[in-house]
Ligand code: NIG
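Shown here is one chain on its own, the form predicted on its own, set out as structure tokens.
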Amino acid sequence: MTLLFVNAKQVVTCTGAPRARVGAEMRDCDVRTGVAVAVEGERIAAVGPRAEIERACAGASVIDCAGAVLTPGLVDSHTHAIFGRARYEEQELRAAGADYMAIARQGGGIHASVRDLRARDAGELLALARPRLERLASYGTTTVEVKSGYGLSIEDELKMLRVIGRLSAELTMRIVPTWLGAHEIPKEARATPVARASYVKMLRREMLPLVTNEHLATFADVFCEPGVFTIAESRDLLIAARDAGLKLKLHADELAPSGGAELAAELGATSADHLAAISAAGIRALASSGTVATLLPGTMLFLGKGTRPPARALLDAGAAVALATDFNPGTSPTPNLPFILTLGVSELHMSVSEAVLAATVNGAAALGLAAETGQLAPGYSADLALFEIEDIRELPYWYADRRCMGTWVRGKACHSSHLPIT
């Protein structure tokens, strides 16, 4: 089936090299007017002047964009969307002065989600996660990474990853699974140094082989932070995961500059994420590597932190920068990726073009998918989003507003747009 998208006020193509954009490449997301987009099956067939495309695609089904703005589908490259109950009580504790680590010591934080998730079966988790992912799609996201990490036992981590696999089979949006068994040291393994060492060894020698044998994950991730996993532990786990065939990600330098960014660059990780406390040496390491710096400004906003990821320093150094929601129940409960673009512009001092590319092409690069999605160009996956705006600069301007009229993934409707097809 051929689809023809016409009558968009602007078509934002983000065309260019099939890799993360850096430096001056971030200044132009290629906004075009008077063009149409032709989709053949799962792929974009052509982007060009409307009259020319219509002649070439006579008989195609036409989607009238009605003066809205057509973009590549947004790519949310860091989420924790599989969880049970919300953790709204922690927001009040933070407002009263409790910090992240203090809440964790009281049994809150990740440990609260672990206890809750372990008590739920796979069917319940699936039923909770499905509408959350549909909500992400309703804001324009067509590709989403989803992590495990709230199980912290072999049985429960595999349960989470299998739920992610079922969601990927059931939903239209593209879902990328990440194993995050090293999200935290579980309470039962914190009693003694021996118990802690046993948990780390179990991750490497027992859980990892089961994950890879079932092909449950594309990436492995580790929360490398003081009080969680050390640099040495993170290195050992990530090397083992790489040797087992998984690509690498790293929660790095979120709360303190511990060298996580440098480790991600050293190991050739696809991305290093968070980075609110990255050091100057870490910025240099990422800028000289192929590792994407994935920034999660919604997290620091929700935590009430005065610090922000240093987007300008990373961009100016030549690092590849992506933006993502970090959607999770404790520190960033938002499915709204356009709102993260708002933070990118208003708080991280990015241009609109930089923010858009960070949530499309560079988000795709942070998932190893820059040759597959993230731009509207012939041969790419037909992943599109249509927004009820007249200028792409309005996407971060109307902050927290849902302006998405529809999304398509591999040429199929994802979020219902109610647009007439003629």
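Numbering starts at 1 and runs along the sequence shown. Everything numeric in this text was worked out from a predicted model, so none of it was measured.
Although it is not shown, the form predicted together with N-(iminomethyl)-L-glutamic acid (NIG) is what the next lines describe.
| field | Non-hydrogen atom contact His183 with N-(iminomethyl)-L-glutamic acid (NIG) in the model of the complex at 4.5 angstroms | value | Yes, His183 sits close enough to N-(iminomethyl)-L-glutamic acid (NIG) in the model of the complex that at least one of its heavy atoms falls within 4.5 Å.
| task | State yes or no: in the model of the complex, is some non-hydrogen atom of Arg87 no more than 4.5 angstroms from a non-hydrogen atom of N-(iminomethyl)-L-glutamic acid (NIG)? | result | Contact check for Arg87: yes, within 4.5 Å of N-(iminomethyl)-L-glutamic acid (NIG) in the model of the complex.
| message | Is Gly344 near N-(iminomethyl)-L-glutamic acid (NIG)? Define near as a heavy atom within 4.5 Å, in the model of the complex. | response | Judged by the heavy-atom cut-off of 4.5 Å, Gly344 is well away from N-(iminomethyl)-L-glutamic acid (NIG) in the model of the complex.
| Looking at the partner-bound form in the model of the complex, is Thr143 within 4.5 Å of N-(iminomethyl)-L-glutamic acid (NIG) by any heavy atom? | No - in the model of the complex, heavy atoms of Thr143 and N-(iminomethyl)-L-glutamic acid (NIG) never come within 4.5 Å of each other.
| field | Sole residue of Asn336, Asn328, Ser258, Thr178 within 4.5 Å of N-(iminomethyl)-L-glutamic acid (NIG) in the model of the complex, by heavy atom | value | When N-(iminomethyl)-L-glutamic acid (NIG) is considered in the model of the complex, the option within 4.5 Å is Asn328.
| Heavy atom contact within 4.5 Å of N-(iminomethyl)-L-glutamic acid (NIG) in the model of the complex, the stretch among 166-174, 188-196, 284-292, 328-336 | One stretch meets the cut-off, namely 328-336.
| field | 4.5 Å heavy atom contact with N-(iminomethyl)-L-glutamic acid (NIG) in the model of the complex for all of Tyr139, Phe387 and Arg410 | value | Not a single residue of the candidate spot has a heavy atom within 4.5 Å of N-(iminomethyl)-L-glutamic acid (NIG) in the model of the complex.
| Any residue of 261-285 that, in the model of the complex, places a heavy atom within 4.5 Å of N-(iminomethyl)-L-glutamic acid (NIG) | Only His274 sits within 4.5 Å of the partner.
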